[in-house]
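Next up: just one chain, as structure tokens, the form predicted on its own.
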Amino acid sequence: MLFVSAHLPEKRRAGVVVPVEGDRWLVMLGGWLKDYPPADEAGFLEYARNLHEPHVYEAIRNAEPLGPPLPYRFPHSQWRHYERMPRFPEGLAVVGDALCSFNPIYGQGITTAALQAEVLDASLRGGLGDLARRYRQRVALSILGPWYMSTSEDLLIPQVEGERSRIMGLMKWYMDRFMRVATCDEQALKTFMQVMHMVKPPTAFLAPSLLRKVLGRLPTDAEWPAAPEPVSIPVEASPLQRHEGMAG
């Protein structure tokens, strides 16, 4: 796959190219704060060309679209804190987007819903007594990690509304250093992927062995891997299906 990520708050556009079934490719472009990719082919290509890296544009500019771009817009992330309600229906368990919906650009929604289903299963195994309250308390804890990871990124943009904790600036500084280490260090890269896929909690970034690396000497520019050269995908081998997306 190919992923040109945003670098918030300055660079607010992203692009993704991933293989799907039938020897086809799925393309997504997205932007923050109503920076919508156009829904026509020429505008879609121009939007891709103006990403801060050329790789997505080079991959799709000569490709054959299988249909027009399809827009999807997401207004805001939302977490309904049912665990704070003093009164709640005893026979009701809220899961999925009805409980918490994330900026879809981070790809957390389905995994988080699956974790909520596991919490519900564990709560049911504890019996039906006080089930709704026990589930609400446990499920809130399961949401904390993915919620912080997604909203802390979006809140780097000054125009995004939301509470900003004092620790956010420190964590941004730390994660910028962590990502530079991850370009050259297998442990850091593996930990990053495990946290992003919710196999490990975000606290894994602070493991003592990683702390020493992140707070120590960072790789120099000479040691940091250079970005790969853009490569065009042969049209006759892999026609691309273009989809448009927008992150709120």
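Keep in mind that what you see is a predicted model, and the values were worked out from it rather than measured. Residue positions are given as counts along the sequence shown, with the first one as 1.
The following text describes the form predicted together with a small molecule, which does not appear among the structures shown.
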**Asked** Ok, Leu170, Ile110, Leu92, Met85: which has a heavy atom sitting within 4.5 Å of the small molecule in the predicted complex?
**Response** Ile110
**Request:** Quick one: find which of 173 to 181, 126 to 134, 141 to 149, 96 to 104 has residues within 4.5 Å of the small molecule in the predicted complex by heavy atom distance.
**Result:** 96 to 104
**Request:** Report yes if any heavy atom of Tyr72 sits within 4.5 Å of a heavy atom of the small molecule in the predicted complex; otherwise report no.
**Result:** yes
